[in-house]
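One chain follows as structure tokens, the form predicted on its own.
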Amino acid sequence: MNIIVPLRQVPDLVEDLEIDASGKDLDREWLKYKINEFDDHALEEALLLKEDVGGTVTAMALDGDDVDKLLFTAAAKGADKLIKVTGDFPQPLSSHAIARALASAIQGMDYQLILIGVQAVDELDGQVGVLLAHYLGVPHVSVVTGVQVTNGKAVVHKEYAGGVMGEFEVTLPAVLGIQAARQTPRYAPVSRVRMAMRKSTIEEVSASDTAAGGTPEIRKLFKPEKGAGAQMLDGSPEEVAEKIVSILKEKGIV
């Protein structure tokens, strides 16, 4: 079974994020990037499936800064093939643009599953997998937390609000939006990544379709305004309750 896993780099949220002079984007000059958490889970689920039923795992990413390191890290974790998608990508990259570019690169490839992170921290709309399936003309299930493949079909577990789980049987090929792998994504030590850099080869595939389509207009980015802070209430439970009631009356809530 051949599995394709699109990977994406996103800003590392442990860093201090600053807004650029335009007020419409982050200042990316010194910004550090990391693999999107959900894509890391998609890669882990792909590797687990390879261990279960055999096959190959292809890690794919759109061209960009440090994308080679991202792909070599995937190889260090167990990916068999690395593909860098090149092209004149519109900026900023919308979910439509990403999906179109990936779809144009994947067209004609032999695959049974495409596992992609359900969303990314820098967009949170969860539409790349949906749009990718649409452009490829294959089934799609999102918010997936488990995958099993038997007899040319995938049985997937989908999570709904309130902890409700659904089970679907999906005809392959298909695109699955992975929320969580069956186990924590494996760690690739630096030594293994360096070994992958020496032994692995990155194939470049040109994206023939990079039309943006549906790109939202960003008017302004800003940091949330800080309030005055929390008011701590001391005393016995009865005294604290009286203070809460007094505050609510003062604010006209009760």
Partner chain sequence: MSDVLVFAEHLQGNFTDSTFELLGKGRELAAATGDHLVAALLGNGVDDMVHQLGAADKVVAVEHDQLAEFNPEAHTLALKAVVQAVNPAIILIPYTSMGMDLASALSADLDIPLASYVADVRVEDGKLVTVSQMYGGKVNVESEIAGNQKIVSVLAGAFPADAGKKEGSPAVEKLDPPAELSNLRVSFKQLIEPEGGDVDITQQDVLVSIGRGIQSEENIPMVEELAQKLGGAVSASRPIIDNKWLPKSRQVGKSGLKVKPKLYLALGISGAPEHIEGMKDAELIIAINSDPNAPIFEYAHYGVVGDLFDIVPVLKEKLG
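Think of the rigid core as the biggest set of C-alphas that the two forms share within 1.5 Å after superposition. Bear in mind that the values here come from a model prediction, so they are computed numbers and not experimental data. Positions refer to the first chain, counted from 1.
The following text describes the form predicted together with its partner chain, which does not appear among the structures shown.
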property: 4.5 Å heavy atom contact, Glu225 and its partner chain in the predicted complex; result: yes
property: 4.5 Å heavy atom contact, Tyr135 and its partner chain in the predicted complex; result: yes
property: 4.5 Å heavy atom contact, Glu167 to its partner chain in the predicted complex; result: yes
property: Partner contact for Lys199 in the predicted complex: its partner chain, 4.5 angstroms, heavy atom; result: no
property: Single option in Val141, Ala79, Ala97, Val147 placed near its partner chain in the predicted complex, where near means a heavy atom within 4.5 Å; result: Val141
property: Option touching its partner chain, based on a heavy atom within 4.5 Å in the predicted complex, out of Ala103, Val85, Val118, Ala75; result: Val118
property: Residues of 235 to 254 having any heavy atom within 4.5 Å of its partner chain in the predicted complex, listed in sequence order; result: Pro237, Glu238, Val240, Ala241, Glu242, Ile244, Val245, Ile247, Leu248, Lys251, Ile253, Val254
property: Core-superposed C-alpha of Asp20 shifting 2 Å or more between this form and the one not shown; result: no
